[in-house]
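Encoded as structure tokens, the following chain is the form predicted alone, with no partner shown.
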């Protein structure tokens, strides 16, 4: 099993909290990697929220290509964050020559365009950058989106944290929402793109488990949107389905659960909304998921959601105090950063509900 940790806080917090949660769950991952997506940024990026932030790891050639490509499109640098590193001998991870965390101004002719047009531009630009660097292994482009930072590495999470000084609670990198996962993809070969969490168009998602319907998910999704690419992990299908339901189809978020783990025909027949649910099940049956899994996602608005498979075969716990909510695969992960919370208020999401956490840290449980 993988191990996941997610934090949603009223104030920006350090990545050290996520690393400490992972340390508590050490027996559940294999030191093959660490990845995180930070949203609603504080620290160094607090004053640049409206500017697209490029997160990339690359060679010198890859950096040259990316900078030239963005310059040709009319993007100009606004703020460049250079991470302080401790390049100690013996660190166990496959570091890249360059790490880019840089805010850009939109091309001048896009400055006053509506957000829907800017979204398309950013997704298209990231995909083209990825292709440009991927053709001969010159780098990895993880996200290009306002107020979002992504880091993915292969190696020991403790050493990755040491190199980037992420164990420092006064680090320049802070966020109100942090999604993190240790352990690389184990279904296929290990590549950086396969590491959870995954990001597309404002949506972040990570999962613990496996999806035995991966192939039919993949075959349905290919060609439905330019961003549905790679498929280096079966969990990417969960993200693409979330994006497809809410962004492409424009359905309310509550229907995501009905798509990935639909009710039985007998249960549907007893519902007042049976005609709608039946059509969903019939038309999107290839997006159902199967196998043991628990999924954590974050919407573009910053709301955090949790769903489980229909049999609830993967653990997850939600702990809270007045200023923070912590979500982890094991209760020891929550204990590590919220030791004084009232454990009677802990939640264990059920198999037929979607748990949503809004920006006021209010928790809603949507029964399917």
Partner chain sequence: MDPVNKIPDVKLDDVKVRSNGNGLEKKPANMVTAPAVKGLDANRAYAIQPTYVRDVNPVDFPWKIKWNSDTCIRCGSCVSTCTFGSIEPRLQRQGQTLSMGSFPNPVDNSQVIMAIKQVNDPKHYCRGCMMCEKVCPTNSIRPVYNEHNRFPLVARQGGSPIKRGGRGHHLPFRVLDTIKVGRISQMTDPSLDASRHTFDLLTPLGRNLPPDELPFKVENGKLVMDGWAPPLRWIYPVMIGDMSVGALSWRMWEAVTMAVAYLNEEYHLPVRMSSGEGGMPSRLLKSEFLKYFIIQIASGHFGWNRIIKAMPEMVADPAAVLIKIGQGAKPGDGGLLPAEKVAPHIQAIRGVPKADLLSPPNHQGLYSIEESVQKMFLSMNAAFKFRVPVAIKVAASATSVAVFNNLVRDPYHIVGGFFLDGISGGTGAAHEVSLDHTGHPILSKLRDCYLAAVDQGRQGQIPLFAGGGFGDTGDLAADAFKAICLGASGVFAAKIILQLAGCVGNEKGRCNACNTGHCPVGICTQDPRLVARLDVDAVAQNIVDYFLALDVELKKLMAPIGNSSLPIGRSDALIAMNKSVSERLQIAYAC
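Numbering follows the first chain given and starts at 1. It should be emphasised that the depicted structure is a prediction, and the values quoted were computed from it without experimental measurement.
This protein has a second form, the form predicted in complex with the partner chain, left out of what is shown; the following refers to that one.
- Taking the partner from elsewhere, no residue among 82, 97 and 134 has a non-hydrogen atom within 4.5 angstroms of the partner chain in the model of the complex.
- For residue 216, a non-hydrogen atom is located within 4.5 Å of the partner chain in the model of the complex, even though that partner is not displayed.
- At the 4.5 Å threshold, heavy atoms of residue 77 stay clear of the partner chain in the model of the complex, well away from it.
- Contact annotation for residue 276: at least one heavy atom lies within 4.5 Å of the partner chain in the model of the complex.
- Mapping the unseen interface onto this chain, residue 288 counts among the residues with a heavy atom inside 4.5 Å of the partner chain in the model of the complex.
- Stretch 309-317 is the contacting one of 309-317, 39-47, 327-335, 66-74, since its residues have non-hydrogen atoms within 4.5 Å of the partner chain in the model of the complex.
- The partner is absent here, but in the model of the complex a heavy atom of 251, alone among 251, 110, 172, 167, sits within 4.5 Å of the partner chain.
- Site annotation in the model of the complex: the residue of 284, 121, 129, 154 reaching within 4.5 Å of the partner chain with a heavy atom is 284.
- Contacts with the partner chain in the model of the complex, taken as any heavy atom within 4.5 Å, map within 222-242 to 224 alone.
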